[in-house]
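Taking the form predicted on its own, here's one chain by itself in structure tokens.
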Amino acid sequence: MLERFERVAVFGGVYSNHLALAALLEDARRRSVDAIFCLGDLGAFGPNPDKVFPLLRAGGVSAMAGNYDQSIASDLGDCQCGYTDPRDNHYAHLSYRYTYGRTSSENRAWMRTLPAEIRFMLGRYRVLCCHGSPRRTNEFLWESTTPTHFIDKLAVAHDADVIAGTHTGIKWHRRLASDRHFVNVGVVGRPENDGRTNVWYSILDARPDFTVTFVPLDYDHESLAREMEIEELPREFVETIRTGWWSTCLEVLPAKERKKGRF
């Protein structure tokens, strides 16, 4: 029997941003949600990954594994991010090497217990939470290039009325056939390549019909940037936190999504 809720907070891509995670937990509590779900990628990009785990536990967050978590838990050599461009892979390697080296053995063991998906009822809707897509953890589903009929087939094949995912780092929502839905819930680890320093998470509600609210979340991004500098993370990562523009992991973006950025 699946747990049933009416109103939940859902987010992905913590990317070691413990300051944004703490702000999210406080904000979601104020919004009176029934539960909070994290769709994976707890580490990467940001500083001091072990600061994230106590916050997740104290906040009662139900978490699943993203590609980053699966790699670290399994002692793999890379993040399985799904990049094909050499520059993207260069920065992914720097991020993964740092995160793996600073994630404790206890937290790596805990990550091995995380499920690959989460299912629950939201009102009358069957919700399937995945990281990239229901068929592959590191699959990129972009708003501009992913056909509606393809996502609808995924929902039918996987017995879901709502698919909630993340991985791309950019939020979006599309209504499918027969009141089915796909939601990319956004990430809280870094801004959305829009020149703003806030990050995003989602509130899913079913009272009685399905609605999505994308919540902008402000946090002390300057303190995070300074912490990243102390940890000697790449200058490009720090600039993204301070400016809201991506300067890495750009080649994976489709033309429409990339055009919205600075680079």
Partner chain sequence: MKAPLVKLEALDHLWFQVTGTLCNLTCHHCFISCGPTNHAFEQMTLESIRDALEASRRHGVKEYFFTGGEPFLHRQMVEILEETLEYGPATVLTNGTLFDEAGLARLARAEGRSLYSLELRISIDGFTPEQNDPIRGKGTFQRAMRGVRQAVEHGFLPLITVMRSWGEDEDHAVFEGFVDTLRSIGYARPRIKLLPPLRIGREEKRSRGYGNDEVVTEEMMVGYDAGALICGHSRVLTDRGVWVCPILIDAPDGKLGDTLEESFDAFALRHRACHTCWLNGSICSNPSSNAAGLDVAGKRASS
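The model shown is predicted, which means the values in this text are computed figures rather than measured ones. Positions refer to the first chain, counted from 1.
Another form, the form predicted together with its partner chain, is not on view; read the next lines as being about it.
Residue in contact with its partner chain in the predicted complex (any heavy atom within 4.5 Å), chosen from Val188, Ile163, Leu122, Leu141: Leu141. For the options Thr145, Ser104, Thr113, Ser178, the one in contact with its partner chain in the predicted complex, meaning a heavy atom within 4.5 Å, is Thr145. With respect to its partner chain in the predicted complex, the three residues Asp78, Asp85 and Phe263 uniformly fall within 4.5 angstroms at the level of their nearest heavy atom. None of the heavy atoms of Arg126 is located within 4.5 Å of its partner chain in the predicted complex. The shortest heavy atom separation between Ala23 and its partner chain in the predicted complex exceeds 4.5 Å.
Contact check for Arg4: every heavy atom lies farther than 4.5 Å from its partner chain in the predicted complex. Using a 4.5 angstroms limit between non-hydrogen atoms, Arg97 is distant from its partner chain in the predicted complex. Comparing 207-215, 65-73, 29-37, 225-233 against its partner chain in the predicted complex, the single stretch with non-hydrogen atoms within 4.5 angstroms of it is 65-73. Contacts between 152-189 and its partner chain, taken as any heavy atom within 4.5 Å in the predicted complex, involve Lys153, Arg174.
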